[in-house]
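Coming up is one lone chain in structure tokens, specifically the form predicted alone.
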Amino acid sequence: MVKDIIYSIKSPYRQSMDIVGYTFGSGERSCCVVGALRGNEIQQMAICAQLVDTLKRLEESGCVISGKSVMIIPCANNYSMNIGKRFWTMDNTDINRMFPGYDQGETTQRIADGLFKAIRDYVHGIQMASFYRDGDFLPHIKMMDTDYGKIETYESLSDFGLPYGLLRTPHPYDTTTLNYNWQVWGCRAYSLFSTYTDHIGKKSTQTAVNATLRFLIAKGILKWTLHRGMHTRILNEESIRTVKTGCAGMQKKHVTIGDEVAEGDILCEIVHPLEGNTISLITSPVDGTVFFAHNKQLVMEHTDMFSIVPFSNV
């Protein structure tokens, strides 16, 4: 294992912010795994930390294929991590909306530029991603469905052994993300979503670690024995049905991620926050599997509460 500072930015008031990369093997830049770009991505950092620990032992056992190398970057935003703030501490900007970066720009543009220059030439790229919605997901792998993507990249969604592989049609704001820009530079890029963001789940962490190792084995980067995981159902992100609340109140949940529901089943109740009576019932629009569930008790009107994968699409 080689530990390097791949980018550093000075601060007038604190020590420099260093982005540290851990490299295993040597030769071809085969795969790069990036963890926390945001300050609340605790689970994502923990996944990468466990990957570092696991790959260190596997490398010592001779399991990294000769001529191949893997880099793990657990955290690229420890300033925000230290104070528990999701976005950049000074101006509330998002590093993952600044790629490919600009070395003469604002601070987050410079960080994105320094990071991207160090990792853009890898054959494969995996980002441990989080979503803007507050809630829990079924583990899944996602990639941008762009002109830069390749058919073999789509097929590789199955190599992770996760239950779902999603293809996302990019929106204009996606063009400044790490995943999209990796593809522009010819990297085969994926975003891996684990169940949580701001806390560590032991089972979900191990699921993401195993999925990454499974991918490295499938791509001939790692020689090791690991179970193949689950059959991956690949679908377009647009086919997933989103259920919103029609009024604000306190959530009383009836289902959780992974539950199978029928059309009309009650997903949750919205309770009046002052009077305690049920003011709304949120029901499933289709037969399917609960893919996402909002996890805040107090909800606002028009909040995305659940995502349902219809059975007919899988």
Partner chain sequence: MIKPVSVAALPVAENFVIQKNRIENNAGPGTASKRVCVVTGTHGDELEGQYVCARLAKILSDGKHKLSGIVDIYPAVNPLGIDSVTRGFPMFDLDMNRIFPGSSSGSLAEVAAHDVIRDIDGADMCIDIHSSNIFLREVPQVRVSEQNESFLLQYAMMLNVDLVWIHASATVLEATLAHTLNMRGVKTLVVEMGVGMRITESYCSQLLDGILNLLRELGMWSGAGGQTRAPLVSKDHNVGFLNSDAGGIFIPRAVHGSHVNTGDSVGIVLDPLTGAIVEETLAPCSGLLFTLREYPVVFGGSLLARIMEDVKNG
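Residue numbers count along the first chain shown, from 1. What you see is a predicted model, and the numbers here were worked out from it, not measured in a lab.
From this point on, the text means the form predicted in complex with the partner chain, which you will not see here.
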| property | result |
| --- | --- |
| Residue stretch of 221-229, 106-114, 206-214, 192-200 approaching the partner chain in the predicted bound form, non-hydrogen atom distance within 4.5 Å | 106-114 |
| Residue among Ile234, Val123, Val184, Met90 with a heavy atom within 4.5 Å of the partner chain in the predicted bound form | Met90 |
| Interface membership of Lys244, the partner chain in the predicted bound form, 4.5 Å heavy atom rule | yes |
| Contact of Ser11 with the partner chain in the predicted bound form (heavy atom, 4.5 Å) | yes |
| Exercise: Gly249 in contact with the partner chain in the predicted bound form, heavy atom 4.5 Å | yes |
| Close approach of Tyr79 to the partner chain in the predicted bound form, 4.5 Å, heavy atom | yes |
| All of Pro172, Thr176 and Leu274 with a heavy atom within 4.5 Å of the partner chain in the predicted bound form | yes |
| Residues within 4.5 Å of the partner chain in the predicted bound form, restricted to 287-308 and counted by heavy atom | Leu298, Val299, Met300, Glu301, His302 |
